[in-house]
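Only one chain is given next, in structure tokens, and it is the form predicted on its own.
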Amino acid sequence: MIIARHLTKRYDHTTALDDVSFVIEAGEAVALWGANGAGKTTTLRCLLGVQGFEGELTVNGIQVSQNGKAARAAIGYVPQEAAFYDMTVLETLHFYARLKKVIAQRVHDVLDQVQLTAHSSKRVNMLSGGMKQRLALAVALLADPPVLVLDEPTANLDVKAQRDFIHTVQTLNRAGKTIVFSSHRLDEVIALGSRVLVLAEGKLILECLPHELAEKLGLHRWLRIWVSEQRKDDTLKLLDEQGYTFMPNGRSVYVQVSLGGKIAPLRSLELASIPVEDFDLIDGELVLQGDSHD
């Protein structure tokens, strides 16, 4: 479905992609993993044909450098955070359906696919972050493309919205869509991916299965715990006394745990009669989202 040969992108004296080659088969779900600046977004922009590059790149049998418009037609793209006009969900999808020249019935089909039918009359600015991201996915699905490209699709979502979005994409992949996505969350990579391409400083340094990634890269596992504001100081004191590595973040705290010890901090808080409001397990690079995402 996607073939990249010696893909290279240079900006003046900086090489964003350096002789990267890979093949993605139809029906695969392939994750791009790497730190900021590793080349993930540049790779996705090349796939979309919105950025010049050296080397060869084909999508669904179409040479991207020669026919970028046709290659883009084979791809549905979901950015990290989509921007929409102030219309209802239904009006928004009909607007994009006209742009993509697809029949009106597709609007109702994709609303069902992303579980937004019940919210079709809501204005976009009234949607939660998770619903906006599902709307972006619905727009990407309108023309029924064989490939979906997702750029950090759950980075700005809360825990439940992340899980709902991942479940929807899993369903699409099982139905035959080829998925290419970038992520900094190992749990997301394991849930969605069938293979991982690891980029570093523009080079493809590793290809592996998702469950092999943590061991091969020596990644940490973090438990994010939400407690009440009144008990946060007690929580930090307890974690410090027990020797945990931790980082406060707004109303939550990230605690570094071993692969087999993710429950231990929760048990310690329970024994100290500190109620836990919610928790989430995060593998890999820790990206603090700030107070607004608590």
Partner chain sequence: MIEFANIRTIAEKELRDALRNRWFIVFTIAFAGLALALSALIHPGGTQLRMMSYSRTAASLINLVLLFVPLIGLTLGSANLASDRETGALAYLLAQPVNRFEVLLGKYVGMAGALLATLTLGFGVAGVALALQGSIQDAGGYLLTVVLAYLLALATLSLGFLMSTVAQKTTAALGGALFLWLFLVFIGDLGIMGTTVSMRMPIEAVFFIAVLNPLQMFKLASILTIQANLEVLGPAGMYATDQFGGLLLPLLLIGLLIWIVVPLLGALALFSRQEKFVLKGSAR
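Residue numbers count along the first chain shown, from 1. Remember, predicted model here, so these are calculated numbers, not experimental data. Rigid core here is just the name for the largest C-alpha set that superposes within 1.5 Å across the two forms.
Keep in mind the form predicted together with the partner chain is missing from the figure; the text below concerns it.
Q: Three residues, F84, L99 and G202; all within 4.5 Å of the partner chain in the predicted bound form via heavy atoms?
A: Every listed residue reaches the partner chain in the predicted bound form, so yes.
Q: Just to confirm the contact call: exactly one of 136-144, 215-223, 190-198, 109-117 touches the partner chain in the predicted bound form at a 4.5 Å heavy atom cutoff, so which is it?
A: Selected stretch: 136-144.
Q: Would you classify G129 as touching the partner chain in the predicted bound form, given a 4.5 Å non-hydrogen atom cut-off?
A: Flag for G129 set to no.
Q: Any chance A73 has a heavy atom within 4.5 Å of the partner chain in the predicted bound form?
A: Because a heavy atom of A73 falls inside 4.5 Å of the partner chain in the predicted bound form, the answer is yes.
Q: If you check in the predicted bound form, is K237 within 4.5 Å of the partner chain, heavy atoms only?
A: Judged by the heavy-atom cut-off of 4.5 Å, K237 is well away from the partner chain in the predicted bound form.
Q: Check H167 for me: does it contact the partner chain in the predicted bound form (non-hydrogen atoms, 4.5 angstroms)?
A: H167 lies outside the contact set for the partner chain.
Q: Using a 4.5 Å cut on heavy atoms, which of R45, K262, R251, R231 is close to the partner chain in the predicted bound form?
A: Only one option qualifies, and that one is R45.
Q: Within 1-36, which residues come within 4.5 Å of the partner chain in the predicted bound form, counting heavy atoms only?
A: Residues within 4.5 Å: K9, Y11, T15, A16.
Q: Would the C-alpha of K122 be classed as shifted by 2 Å or more between this form and the one not shown after rigid-core alignment?
A: Yes: K122 shifts by at least 2 Å between this form and the one not shown.
Q: Answer yes if the Cα of N156 shifts by 2 angstroms or more between this form and the one not shown on a rigid-core superposition, and no otherwise.
A: After core superposition, the C-alpha of N156 moves less than 2 Å between this form and the one not shown.
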